[in-house]
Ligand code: C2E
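There is one chain below, alone, in structure tokens, taken in the form predicted on its own.
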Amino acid sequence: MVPAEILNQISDRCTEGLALALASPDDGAIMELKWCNKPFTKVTGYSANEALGQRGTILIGADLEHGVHLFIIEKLMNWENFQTEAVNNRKGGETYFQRMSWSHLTDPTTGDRWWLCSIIDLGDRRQGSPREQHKSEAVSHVEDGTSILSKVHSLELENARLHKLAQSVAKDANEDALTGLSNRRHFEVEVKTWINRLKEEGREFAVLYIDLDRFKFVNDTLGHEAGDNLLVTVADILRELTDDADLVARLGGDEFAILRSLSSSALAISGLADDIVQRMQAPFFCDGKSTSCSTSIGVAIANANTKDPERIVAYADEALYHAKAQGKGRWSFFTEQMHAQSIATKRLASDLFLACERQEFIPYFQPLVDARTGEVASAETLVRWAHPTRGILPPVEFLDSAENVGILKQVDKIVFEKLKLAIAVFDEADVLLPRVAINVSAARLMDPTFIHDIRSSGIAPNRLTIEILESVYLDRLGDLVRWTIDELDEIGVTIALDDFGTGHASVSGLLEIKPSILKIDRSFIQPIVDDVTKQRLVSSIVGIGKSLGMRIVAEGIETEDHARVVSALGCDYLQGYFFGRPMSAEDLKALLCATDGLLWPRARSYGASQEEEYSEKAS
């Protein structure tokens, strides 16, 4: 459907044979006819049904001069308005002298780019008046042989010039300017050709989709000139490793692709992928500086069993994504299982966006118990997805995908809003819940708006604990994260270091971040009842934390023996299934009401003798 805004622009342009074509946003020479008037049919011989949906090339007849044809292509590619007068052909092959005008239009609503083509049949106007014809004939009789030869020579020179121009235009249209490889346009044309050969002749082939793993890092650290040099180097490597029969293209940015026939062996494909990955492991030098830039490759095979060969490039792209997800610097073959996983991932991403609109994310709670009194001291808030068909989903099912599609902030906002309402319900019912703790991802710690979100959440800072994974703060502790932690501390939010002891932290790191709470990872707590070595290790961690003024939480308390041992070793708070699994706000409210907030009544029965017993074993 042609927009009305475009049709409204026609009245002051032309009144003869008219046609409108929707152009590709990347190349003005690529277009599809969308509308024509009745004079268009009379002039060109094409009816509306025959013309609409066709490429603009149907307007170029066999008798149109080659030089004029090249002129038209150049002007269209450059989005220039222009006009030609030349001999052309109607649909049936009849020649006529025409004036063809092209005007560039833009849809102000959508930004789509269009061409308005006007074609006028000039009839015999190219012949001139009878008097002029007579004069021309008279002059022709007096031309000597030398003049004729001179004209022939000039025509030969012009023909040679036009031939070179045609070669140049064809080269520019198909070649990447930086690397000299085929460009995306040429690659896409060739893929269609190879697919047709597969269908008609059974000629199988492979697509290798190549992406540089650290190209942005090279650009950012060494500059864009170094990045360009790297792309040229990669192009040279690909030329060296491929055969003349292969098509090698740069698709744009740091993406390359190779088309290779399977006429020899599929092993040749995997061997080529291996060679490219290995060559790209070598250091890259620019202006005396060395850097590395590995590559990941996705490989897809188009053969008789391929269900949808038109999607072969997309399959290779999926394999590339899989290779990057496996750690980069490697290659991967496309499989149907991979395709199913890709579809599931895309569907999950779509469902996540819909879940944000529907506010389907809810807070779940796991209580923390005071080791001395047995009373609830806090509750860790854990996000859940109340999926409309799959039920309550834990974070492992969706949180990584939420981060990948960039909606963690929206998820946090939804959880904060519902957490604020839950706290209000607890307070109105006089249910004891002194504090709530929230896990924070690395991405949110690096988000400069995170502090604003905390301030505007409506949750009192003195009732809020932010839990940071040990590995997160050590891997990402930069100026922005440091500023975020300082700001949280300043407004009264408690900082807790989660999963301590998993191998990332150091005492100097603890001194730098200065958390108020240290949570010992459950892997140390699980065997602690019968393992004296683990008891000594936990006792040492407790000692270090307390010497730095921190309170200690033991995670993974699943039995009363666990609770008894870690309490005796000096842990201040206990968390685990023994006191309750993660539960909804309503379930937590019911639990606290039923117990009056006392989740471990026997805590008060353990005296100093038990503490001394385990302290002696751990010493």
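In this text, residue numbers run from 1 along the sequence as written. Nothing here was measured: the structure is a model prediction, and the numbers come from that model. Superpose the two forms; the largest set of C-alphas matching within 1.5 Å is the rigid core.
The form predicted together with the named molecule is left out here; the points below concern that form.
Peer 1: Answer with one of 375, 254, 467, 317: the residue that has a non-hydrogen atom within 4.5 Å of the named molecule in the predicted complex.
Peer 2: If I apply the 4.5 Å criterion carefully, the residue I get is 467.
Peer 1: From the list 268, 537, 399, 87, which entry has a heavy atom within 4.5 Å of the named molecule in the predicted complex?
Peer 2: Checking each option against the named molecule in the predicted complex, the one that comes within 4.5 Å is 399.
Peer 1: Quick one: which of 181-189, 324-332, 424-432, 411-419 gets within 4.5 Å of the named molecule in the predicted complex, going by heavy atoms?
Peer 2: Going through the listed ranges, the match is 411-419.
Peer 1: I'd like to know if residue 61 sits close to the named molecule in the predicted complex, meaning any non-hydrogen atom pair within 4.5 angstroms.
Peer 2: Outside the cut-off, so no.
Peer 1: Would you please decide whether residue 440 lies within 4.5 angstroms of the named molecule in the predicted complex, comparing each non-hydrogen atom pair?
Peer 2: Yes.
Peer 1: How about residue 558: is it within 4.5 Å of the named molecule in the predicted complex, going by heavy atoms?
Peer 2: Residue 558: yes, in contact with the named molecule in the predicted complex.
Peer 1: I'd like to know whether residue 366 contacts the named molecule in the predicted complex, with contact meaning heavy atoms within 4.5 angstroms.
Peer 2: Yes, residue 366 sits close enough to the named molecule in the predicted complex that at least one of its heavy atoms falls within 4.5 Å.
Peer 1: Need the contact residues for 483-500: heavy atom within 4.5 Å of the named molecule in the predicted complex, sequence order, or none if there are none.
Peer 2: The stretch touches the partner through 498, 499.
Peer 1: Look at residue 450 and decide if its Cα position differs by 2 Å or more between this form and the one not shown after superposing on the rigid core.
Peer 2: Yes, residue 450 moves 2 Å or more.
Peer 1: If we fit on the core, is the Cα of residue 556 displaced 2 Å or more between this form and the one not shown?
Peer 2: Yes.
Peer 1: Taking the rigid core as the frame, does residue 440 move its C-alpha by 2 Å or more between this form and the one not shown?
Peer 2: Where the cores coincide, residue 440 still shows a C-alpha shift between this form and the one not shown that is 2 Å or more.
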